[in-house]
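Listed next as structure tokens: two forms of one protein chain, kept apart as structure 1 and structure 2.
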Structure 1
């Protein structure tokens, strides 16, 4: 299954090192803005690269990929929402906020998957990169719609203490939905990623070549540094799992498996991608956002507790995907192709 070879990629090893450093309570002080800077770099590099490749891609498949990305972005949060309500461990507002994270994606996980595939020499298409860019927004929208709807239900049934106030707020402006959509599409990382893709697609090839040392050659090193820090953050978050409770932790492990399975179906059957491409779509389905979605939820669903969604997406699902999920999805993608 290649788990071992996965674990010997520097990117994954640095994730583990960061995790370990925090776990042994090392006094390692990482500058506050390092992860933020690295993630700006990664979004820019992945966007430019993807856009450049897409300039050469087939339009029909690209269009299909976008379509399916939207479908995934809409369907996965609903699956997650229902699952969470079934657990009865969180109220509707928290369920909506958590679910939104699973409809979106984690660029860090996606890039680790690419490093994994590169390492074992497996080819992949460039379509998943567009899907990565597209999937952020629908999930945010669904999350906000679910929250809005839950707020109304809570107001009707009288549950939730602050819900009454909240629904009044959201009810008395009919520009509400439009502002939700606006927020989802002006999300910082969406703009940077889609903008970089466009730039990569329309820039003259000659000028793009000058960017390759920056976006290509030093990429893997920067990814290592980024994952090192994310390992530290994951370790910080995983400590809070007790607050979250075993049932929610189980959700954080099962939901990526569901998302991964749906992703394999979409990648292999709907888009007809190769094993590598299918693996990447599975990773898109399986991973949970920790960059674009949390601020959107914090702003629009203040009733939800950030500890819940951050611990789940960053402390549980992220490490699971990086260490176990990726080789697993690859294994099943290969199975589907066989």
Structure 2
């Protein structure tokens, strides 16, 4: 019953409701401008909250956690992207968008892991909370870099989708790394997320307290609206998911195990955290974002199919981590510490 209650949260249920509404051909619709505003709010609120947590941390003790959070945020999307291309069933643009989700984190999964550790009386450090705030941006940047590179390679090759073509070639002048990096770092989603995080970190605590109703109290309600709209969008394009469904389901189960193993290595060997802290870092590595990355990919990579990355992150990886993953990562964290 406890495991079932972890799945029965409003955000997940509203995603299912949106999916159902579209599947039964309801006349419910979310205006496009409102969908964009919901995306902007979520990115801003996540950035402000993460910056606030970062600003409270002692600089010297937080540095290693931030450094490894950035490393995980860059490495995990590359691992996911390569795995997806190896399947030869997913095109580059969808692979880039999906990979960004698996380099980022799921706050819902993280909070579930904290509840799990509290329930069994396992203590943990606060550093994974800082890592949670930091890991969103690098994964989005890598996803945009991969998407930009893929977009330019497709233009050079005439739109072919073969996964065997090397994506790390620069092509003509428009494919130079500098232009791709500039496009990724000046993307509106990245500027908003990083800028909001900086504002949250340097603002006075008193002024940030006044923002808590904006970034905390209404957050889950806005998230429910956003996921409701994304559920309808996923249902609209679900037929495309069926074409590569088995491959993506396998990826949605294997990638968390890879990310969790990398997270255990980072938490135990690189950061020297306790079993509880290592478990939380493993959860960060294993989870897939369904909050910050979907709006960023929706705005910046419209070629990607939301039914792919949303169904994977919310429909496959999230329940897998809640039901099986968290206890499994805790077991292997304890094994590493033995």
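Keep in mind that what you see is a predicted model, and the values were worked out from it rather than measured. Here the rigid core means the biggest group of C-alpha atoms that line up within 1.5 Å when the two forms are laid on top of each other. Numbering follows the first chain given and starts at 1.
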{"property": "Form predicted alone - which displayed structure it is", "result": "2"}
{"property": "Core-superposed C-alpha of residue 325 shifting 2 Å or more between structures 1 and 2", "result": "no"}
{"property": "C-alpha of residue 277 moved at least 2 Å between structures 1 and 2 on rigid core", "result": "no"}
{"property": "Rigid core fit then residue 124 CA moved by 2 Å or more between structures 1 and 2", "result": "no"}
{"property": "Per-residue Cα shift, residue 34, between structures 1 and 2 [Å; core superposed]", "result": "16.3"}
